[in-house]
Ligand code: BGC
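To begin, one chain is listed below as structure tokens, in the form predicted alone.
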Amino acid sequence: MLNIGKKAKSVAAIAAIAAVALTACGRSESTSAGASGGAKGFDKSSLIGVALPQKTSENWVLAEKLFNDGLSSAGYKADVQFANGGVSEQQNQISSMVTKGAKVIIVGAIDGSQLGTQLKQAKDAGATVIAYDRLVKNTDAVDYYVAYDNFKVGVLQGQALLDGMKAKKASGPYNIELFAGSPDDANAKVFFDGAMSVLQPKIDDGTLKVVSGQKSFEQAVTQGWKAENAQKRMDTLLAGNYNSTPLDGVLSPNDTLARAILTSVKAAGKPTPIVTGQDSEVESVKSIMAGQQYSTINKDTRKLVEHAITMVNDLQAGKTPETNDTKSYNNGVKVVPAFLLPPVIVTKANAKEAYANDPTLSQYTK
């Protein structure tokens, strides 16, 4: 289970946004001609809506606090909502934000393909829509995307899996299993594709063997990103394929699933394989330092929320928000201008350095 309470990170970096002059030094050109909020700007005390998905990880819970504190400190009225009831609840929450007159709506989608009607309402009302962390798909009613480079996340995970197994056993072949995130999360396939760009050539040349034969994204998905679903699938994979065959590694797309996989392996009495992760959750950082989970990805939520609020500040001042990728993120209807932050792979070897400036995680790497 997640230990959310232990990750009450400092929000000083976000609150400091209020003191930052609303200039746009070095702003790059973007293709988002429809960013309605950016042309004229709006009053600094305006409502900003933030629609978040279910509380499935520590980082989403942290984001709620950071958005509330950061937006309020910057002078806005913040309306930050979780949709723990599912897609229909998030749809209703976005519609409500539109009705209340939100000038910007930041969306961390549960299912990025089912918000088109509500986001069109937002655009028709003159709001600017920013997709946060997860790309909103199949609609032109989204102006910007702010996230970590999710394909790179997958690449780092795939490489970490290879590196970890090689460090443990100098040469292959290595027996592995593949896990992916929830199919309704647009990021899940991107993570998987990034990892497979590294792993597939090694599968093809025989260095890696997926013993179960379950190699496709559709076979590897974990509905809802739920730990119990990953643990149940791992139980089944172990029982059906690893009675006498050693398991060398598991590609896990995030920390919650990594811990579930490790729980399954331990319950089956098997040696600990190399298991990847993502999100730098407290319990997984502890696990890494204890030599259990092999790796995670550091995607500092403070920085991601900070940049989302910087985008809001630019729009409020009538400026075009900075983007650094205007080609890669085609949502099926348009290419959405994006600002991507760089993810960092973390293992026991570099954890102390990686979390040196993190007031919570640094205490677990000493």
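Source: prediction; values computed, not measured. Numbers for residues come from their place in the sequence shown, where the first is 1.
Not on display, but discussed next: the form predicted together with this ligand.
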Response to the item:
Exactly one listed stretch (242-250, 116-124, 273-281, 205-213) reaches within 4.5 angstroms of this ligand in the predicted bound form by non-hydrogen atoms, and it is 273-281
Fill in: Listed residue (Asn298, Ser57, Thr320, Thr310) with a non-hydrogen atom within 4.5 angstroms of this ligand in the predicted bound form
Ser57
Worksheet item: Taking heavy atoms and a 4.5 Å cut-off, does Arg134 contact this ligand in the predicted bound form?
Response: yes
Worksheet item: Does this ligand get within 4.5 angstroms of any non-hydrogen atom of Thr128 in the predicted bound form?
Response: no
Worksheet item: Looking in the predicted bound form, any heavy atom of Phe179 within 4.5 Å of this ligand?
Response: no
Item to complete: Evaluate Ser287 for contact with this ligand in the predicted bound form, applying a 4.5 angstroms cut-off between non-hydrogen atoms, and reply yes or no.
Response: no
Fill in: Within 4.5 Å of this ligand in the predicted bound form: residues from 235-255 (heavy atom criterion)
Asn254
